[in-house]
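To begin, one chain is listed below as structure tokens, in the form predicted on its own.
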Amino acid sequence: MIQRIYSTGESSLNEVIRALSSEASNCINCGFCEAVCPTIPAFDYKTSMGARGRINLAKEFLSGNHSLNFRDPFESCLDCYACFQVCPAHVNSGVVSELMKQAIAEGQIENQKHQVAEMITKIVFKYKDPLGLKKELTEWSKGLEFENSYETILYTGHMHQLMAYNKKLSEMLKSIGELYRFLAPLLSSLGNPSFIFSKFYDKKIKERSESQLKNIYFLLKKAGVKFSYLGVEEPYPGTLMIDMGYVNEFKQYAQWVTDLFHKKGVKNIITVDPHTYDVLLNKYTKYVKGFDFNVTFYLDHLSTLKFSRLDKIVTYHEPCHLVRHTDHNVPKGFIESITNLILPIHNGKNTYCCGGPIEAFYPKASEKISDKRFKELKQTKAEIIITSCPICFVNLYKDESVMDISELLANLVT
């Protein structure tokens, strides 16, 4: 697990500067990071939109120059940590981006807050979900039986369910361009926006995502795991808030989530996506008092199951938030044991991001990144492309060869 550097005190300007100086000052400006940064080619090699450019911008901020455009370079960072893998000085430009986003979110750089980020943060605080949806996010569980005790819960983190809505939102932002600057404040002031967002979703993605959650439920049941589900009471973990730099808001919100889990008697949390798994392991344990739960990934519970072998060539897209952020390689082990696995040119710690984390803010760049990754996966000549993250699945779902690992395992379990 990568040790991550964040502001640790009262989230003051001095604290951010101290953490930034610690990380950015070691940069030797060699440019190795630019060779692996997915965003620099996606933004037509504009230097400020790559890993080294972000470090240099941070140094400008540290020197007192606050007049530059900081928002787009740092908001467009994928948080994939590819730069860290090749840096001879062990500098993590992703961490620098996180700290600079925090400075922007706190208003330490004037007039550079992202309106959509502001909207999402306000909605999460008020409705415990980025789009204000409650009932819609539990539809996948209709007719399924759960334990009465909440000692062990299946925690979806809303990630699979939100993908269908995020797809449509990204398409809308792509079509309206800069109009989002006016629409986002309006939406956040209208009260619960669910009456708008609930109507806009990709039907195919919604059905596929809900099916993936049902597969996970089925596999866990088959493995004899006893668990419950909070249903409409399940809170969003606040992943987008911390990803967008809203550290103070995240700490307050995450404390509320933690207190809710304690109130329900939760002791064990089974996560179903890499981002929720990462945020609980690396952010909640850092920022929240009393976060003493046992956090696992659902695949950790399936070792007793037996699977038929699939005699097909398969490739696997490894998610950044598993292989880099949490050192979790269980999905690859499952795939390798039951298929003919051929990995793409970028694999393991050197995996290539799907581009999904910036889809809502920079959809065109996100699409360029996903196209490049999809091409790499296709070059393996594999018949099936496996993902183990709902964001990766949706961003790479360009033909019917792409499937989630839960679909593969559910089809092969004996």
Partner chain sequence: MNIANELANIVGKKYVLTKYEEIVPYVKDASYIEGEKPIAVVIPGNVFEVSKVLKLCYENDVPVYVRGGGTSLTGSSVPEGGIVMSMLRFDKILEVNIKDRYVIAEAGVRVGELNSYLEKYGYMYPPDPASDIAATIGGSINTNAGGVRGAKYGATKEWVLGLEVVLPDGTITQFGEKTLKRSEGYDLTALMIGSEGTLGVVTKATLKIAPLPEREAMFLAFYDSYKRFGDVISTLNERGLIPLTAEFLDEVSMNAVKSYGIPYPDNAKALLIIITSEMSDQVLKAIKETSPIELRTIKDKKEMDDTLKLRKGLYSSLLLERETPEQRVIIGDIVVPPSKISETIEEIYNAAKSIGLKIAVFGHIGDGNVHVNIFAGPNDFDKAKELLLETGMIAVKHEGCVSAEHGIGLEKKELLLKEFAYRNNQINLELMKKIKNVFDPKNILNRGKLIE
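Residue numbers count along the first chain shown, from 1. Everything quoted here is computed from the prediction, not taken from an experiment.
Below: the form predicted together with its partner chain, not depicted.
- At least one heavy atom of P88 is located within 4.5 Å of its partner chain in the predicted complex.
- Under a 4.5 angstroms non-hydrogen atom cutoff, its partner chain in the predicted complex lacks S401 among its neighbouring residues.
- R52 belongs to the set of residues with a heavy atom inside 4.5 Å of its partner chain in the predicted complex.
- The closest heavy atom approach of T380 to its partner chain in the predicted complex falls outside 4.5 Å.
- Applying a 4.5 Å heavy atom cutoff to its partner chain in the predicted complex picks out N56, L57, E60, N65, L68, N69 from 55 to 71, in order along the sequence.
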